[in-house]
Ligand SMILES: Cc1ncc(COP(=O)(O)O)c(C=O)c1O
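Here you get one chain, nothing else, as structure tokens; it is the form predicted on its own.
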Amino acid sequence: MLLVSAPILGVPEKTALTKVIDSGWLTMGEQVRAFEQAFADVHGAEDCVAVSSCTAALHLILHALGIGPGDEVLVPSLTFVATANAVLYVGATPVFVDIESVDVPLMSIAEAEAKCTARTKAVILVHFAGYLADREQWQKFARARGLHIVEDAAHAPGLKEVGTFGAAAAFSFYGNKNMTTAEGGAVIARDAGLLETIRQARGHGMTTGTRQRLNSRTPQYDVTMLGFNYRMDELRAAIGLVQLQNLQEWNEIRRILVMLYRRLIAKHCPAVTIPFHEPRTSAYHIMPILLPRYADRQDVIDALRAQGIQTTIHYPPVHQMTLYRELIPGTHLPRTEDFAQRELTVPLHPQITAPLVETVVVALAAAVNNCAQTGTAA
């Protein structure tokens, strides 16, 4: 099966894990600190905080910003559910905002403005598929309303611009991301005080960590804030250090593959469209396509699967999931819903070759053409 995404792991990662195991120190030690510094360097930041997941990163950011009950946070519905869940974790209310268009499936500023109230305290921007939102426009929007900008950068590691939009950015190192630590995440925040609050909250609000107490004269510690158990361990950090060395090269391979997909799809199945027609800075995390309205998506999925090609969907709209339908009934986002009904994600990762891209496109064209000939309704 040609997978939508696949991690690249090998001898360097195994060697790094072996060294950690041999050291006898498994969590929150030298590897985590080295990974934090290296990841910050890649993004032109002074420092960062490594955590257990991107979800934890989003929760910690909102918590450190003091967002809580009675507050509202603008979020897209075209995202993984964790984006909205993190708002609920701090007791605030997620307010779903439609996308700009099916070609630019990022949160619409105009729609965000319409959803703002006196209770709105922040906006979470999701760099969908790795494509960055418009920084200057969103900063102007946020300044005019006194809002915090939080970046959900799960799809966009390795880009210097990420982490410069506003208060902080949250990253993911889940197994299907551009680089992986299996599970894991990170926070970049330009304000040192905010970052240190996040760092302390990551480990139960304790004033020192286990490693610090080992190297000090006293094992005493205090707890000065509410905290969580969102630490990254040494094993994951060691993998991350190896993966980080390849991130820029892997992102470039992704870019080349996306350009090839665009050219071949335009040639072989022009009825299929690809979002982000205009050039835009991206880490090229996934390869989303939009099927024509006459194509039955499940038929296309089945046809590609029969050829050994996995596909998936990014994303089922969060506002239509049972939990959020019950919590926030009556939400209607027409552009998000239209996009989500027709979107299909095809394989994209650095182990894919040009002939494999062509294989995917040929199979896609056959499946879509079959839908057209049989007159299958969308």
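In this text the structure is predicted, and so the values were computed from the model without any measurement. Numbering starts at 1 and runs along the sequence shown.
One more form of this protein should be noted, the form predicted in complex with the named molecule, which is absent from this view; the next part is about it.
The named molecule contact at E234 in the predicted bound form, heavy atom, 4.5 Å: Because no heavy atom of E234 falls inside 4.5 Å of the named molecule in the predicted bound form, the answer is no.
4.5 Å heavy atom contact, R202 to the named molecule in the predicted bound form: Heavy-atom contact with the named molecule at 4.5 Å: absent for R202.
4.5 Å heavy atom contact, P288 to the named molecule in the predicted bound form: No.
Distance check, T79 to the named molecule in the predicted bound form, heavy atom within 4.5 Å: The answer is yes: T79 has a heavy atom within 4.5 Å of the named molecule.
Segment that reaches the named molecule in the predicted bound form - one of 296-304, 224-232, 253-261, 150-158, heavy atoms within 4.5 Å: Checking each option against the 4.5 Å cut-off leaves 150-158.
Interface residues of 19-55 toward the named molecule, as seen in the predicted bound form [heavy atoms, 4.5 Å]: Going through 19-55 in order - heavy atoms within 4.5 Å of the named molecule in the predicted bound form - the hits are S53, C54, T55.
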